[in-house]
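The chain below stands alone and is given as structure tokens, in the form predicted alone.
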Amino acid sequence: MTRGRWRDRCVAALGLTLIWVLLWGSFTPLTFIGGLLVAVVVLIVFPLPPVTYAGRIHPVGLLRFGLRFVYDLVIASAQVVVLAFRFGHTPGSAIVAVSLRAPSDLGLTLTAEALSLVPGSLIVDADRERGVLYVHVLGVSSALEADRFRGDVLDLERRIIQAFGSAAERRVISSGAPS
């Protein structure tokens, strides 16, 4: 096993141990050791596939992503509240397929997670091979609104790639061409 693989497993074990300690609500040597043992067993029984990450974290892109994500959360929450309290109105919804431009495993996952955290949208399916996310969207009732949402998702993907992407992914995003 390579040195990088051991490092990844140690990071995963420490992360799972931290979650274990947080779930117990107190840090004691016993909870730490117990969490570490559980983490090792989990990683042996359910081994994680190797994840390649060719990028690096870009602080300016991360700041832009974080600020816009908080803004999107606030706006989407307000929109869902308005839809929920509009009596006599049935909000439209749709399932929108979005082909990502730089569909690496990490980019696809981060985009899907960010979309699912924003109220009013939920990932229904993800086609990893083709790089397509299928998103259920609340408040969409026309093809024009679906296209606008698709553009919003591609903008979210761009911000994520600018924050975490590799040089090749950043080139694909900046050129605007699909991969």
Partner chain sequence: MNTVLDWIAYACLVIGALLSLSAGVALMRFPDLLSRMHAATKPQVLGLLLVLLGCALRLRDAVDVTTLLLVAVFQMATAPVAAHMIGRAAYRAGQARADLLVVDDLADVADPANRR
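Superpose the two forms; the largest set of C-alphas matching within 1.5 Å is the rigid core. Quantities reported herein were computed from a predicted structural model and do not represent experimental measurements. Positions refer to the first chain, counted from 1.
What follows is about the form predicted in complex with its partner chain, which we do not show.
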Give a yes or no on whether every one of A12, P29 and E129 sits within 4.5 angstroms of its partner chain in the model of the complex by heavy atom.
-> no
Does L22 reach its partner chain in the model of the complex if we count a contact as any heavy atom within 4.5 Å?
-> yes
Hey, in the model of the complex, does L108 get a heavy atom within 4.5 angstroms of its partner chain?
-> no
Answer yes if any heavy atom of P119 is within 4.5 Å of a heavy atom of its partner chain in the model of the complex; otherwise answer no.
-> yes
Partner proximity in the model of the complex: R150 to its partner chain, non-hydrogen atom cutoff 4.5 Å = yes
What residues, if any, in 87 to 125 have a non-hydrogen atom within 4.5 angstroms of its partner chain in the model of the complex?
-> F87, G88, H89, T90, P91, G92, S93, A94, I95, V96, A97, E113, S116, L117, V118, P119, G120, S121, L122, I123, V124, D125
Once the two forms are fit on the core, has Q162 moved its CA by at least 2 Å between this form and the one not shown?
-> no
Compare the position of the CA of F27 between this form and the one not shown after a rigid core fit and state whether the shift reaches 2 Å.
-> yes
Checking the C-alpha spacing of L63 and L18, a student should find that in the model of the complex it changes by 3 angstroms or more, with the atoms closer
